[in-house]
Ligand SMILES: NC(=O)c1ccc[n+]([C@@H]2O[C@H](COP(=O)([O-])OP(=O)(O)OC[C@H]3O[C@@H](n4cnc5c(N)ncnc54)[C@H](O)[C@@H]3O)[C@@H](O)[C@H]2O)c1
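In the form predicted alone, a lone chain appears below as C-alpha cells.
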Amino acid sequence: MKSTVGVGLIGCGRAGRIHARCFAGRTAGARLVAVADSDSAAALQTANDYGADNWYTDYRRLIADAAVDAVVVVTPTNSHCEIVVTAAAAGKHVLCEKPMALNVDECSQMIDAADRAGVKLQIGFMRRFDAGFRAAKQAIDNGEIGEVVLVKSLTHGPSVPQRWMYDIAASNGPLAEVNSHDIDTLRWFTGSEVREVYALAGNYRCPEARDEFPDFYDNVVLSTRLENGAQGLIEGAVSVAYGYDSRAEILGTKGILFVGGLAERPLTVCSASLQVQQPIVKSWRTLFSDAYEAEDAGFVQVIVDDGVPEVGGIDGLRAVEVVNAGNRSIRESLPVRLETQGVSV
C-alpha cells in the first residue's frame, strides 16, 4: 500500500465538495488527486478549489487514472450501481454516498463486485460518525435506558429538491434522499431489522412538481415494526422554510435519550420585545461537518489497515429495502411486510 491513498471524487455538487474539502488536507494519509463531473465547469472549479491534479467529465477516465486508489461516489442515485461496479472491477476502493442505489438488486450487484475484487465498500451514513449520535449509541449499548422500545427519527431539510429528485422512479423520493439516514439510525440504535412499514405522504410545499410529477411527496411519515419487536417512527420533509432539522428520540424500558436539535450554538436571547430567540442550523453541511471528516478518515483507515468498514454494503442495502417498501406502502395505501432479500446479514 502506498504511503498516501489517492482519492478520486466522482460528483462535484454540494455533498461532493464537502468530501473534496476533507480529502484536500483534512484527512491524514489521503490526498485528493482527481475529480470528475459531467459538468466541466463544476469539475474544473472543484479541482482548482481543492488542489486536485486532474479533472474529468467522464468518470471512467478518473477510474482509469493510475493515481487513484479509491473513489468517492456522490452522483444521482440512479448512477451509483454502474459507477461502483466499474470502480470495483478496476480495483478501486469505494465510498458511496447514500442512498446506495435504487433497489436491492442493484445493491447486491455492488456488494458482489466489491467482494469479487477484494476492495472496500463503505456507505455514506455519516451520522454514525457524529459525536452526538455515537454517544447515544454508546449509552444504549451500556444499558442506560434499558431495552430500546421506540426510535423516533426525523429529518427536515430547507432545500428545494433538484428537478431530477421530483421523479420518484429516478430518485426514490424523499424517503431515500432525506430519510435514508433516519432508516439507518433506526437499525443502528435498535440492532434489529425492519419487518413491516406503513407510510403516509403528500406534496404540501412544492407546487411546481404537482402537474408533471403527481407522485412526488415533500412530506412523509413512516411507521415501522422491527424484528425484535421494537417500533420506529420516521418523519421526513423537504423545502421547509425554517432551517435544517435532524433529531432522534430513543425510548427504552428504563429511560429515554434525545440526540440532535435545532440550535446552531448554545445561545438563547431573551429581549425587551418579549421574544425568545435562538439561532437555527441552516444546513446539514454545517451540522455534520465534523461527521463528514470522521467518516472520510475512517474510510482511509479501513483501506490502510485492511479492515472492515463501519458502515458497509449490507447497511446500504437494508436502507434501500425499507425505502422501496415505504414507497410501495404510499402507492398502495397499505402496510407492507418486508422479507429478507438479496444478501444475508
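Computed from a predicted model, the values in this text were never measured in an experiment. When you see a residue number, it is the position in the sequence shown, counting from 1.
Omitted here: the form predicted together with the named molecule. The next part is about that form.
- Taken together, 16, 99 and 124 are fully in contact with the named molecule in the model of the complex: each brings a heavy atom within 4.5 Å.
- Proximity to the named molecule in the model of the complex, taken as heavy atoms within 4.5 Å, picks out 176 to 184 from the listed stretches 176 to 184, 200 to 208, 135 to 143, 229 to 237.
- 39 is the sole member of 39, 290, 310, 49 with a non-hydrogen atom lying within 4.5 angstroms of the named molecule in the model of the complex.
- Residue 74 is the only one of 85, 74, 154, 148 with a heavy atom lying within 4.5 Å of the named molecule in the model of the complex.
- The closest non-hydrogen atom of residue 325 lies beyond 4.5 Å of the named molecule in the model of the complex.
- Mapping the unseen interface onto this chain, residue 162 counts among the residues with a heavy atom inside 4.5 Å of the named molecule in the model of the complex.
- Although the partner is absent here, residue 59 sits close enough that one of its heavy atoms falls within 4.5 Å of the named molecule in the model of the complex.
- Contact annotation: residue 93 falls outside 4.5 Å of the named molecule in the model of the complex, judged by heavy atom distances.
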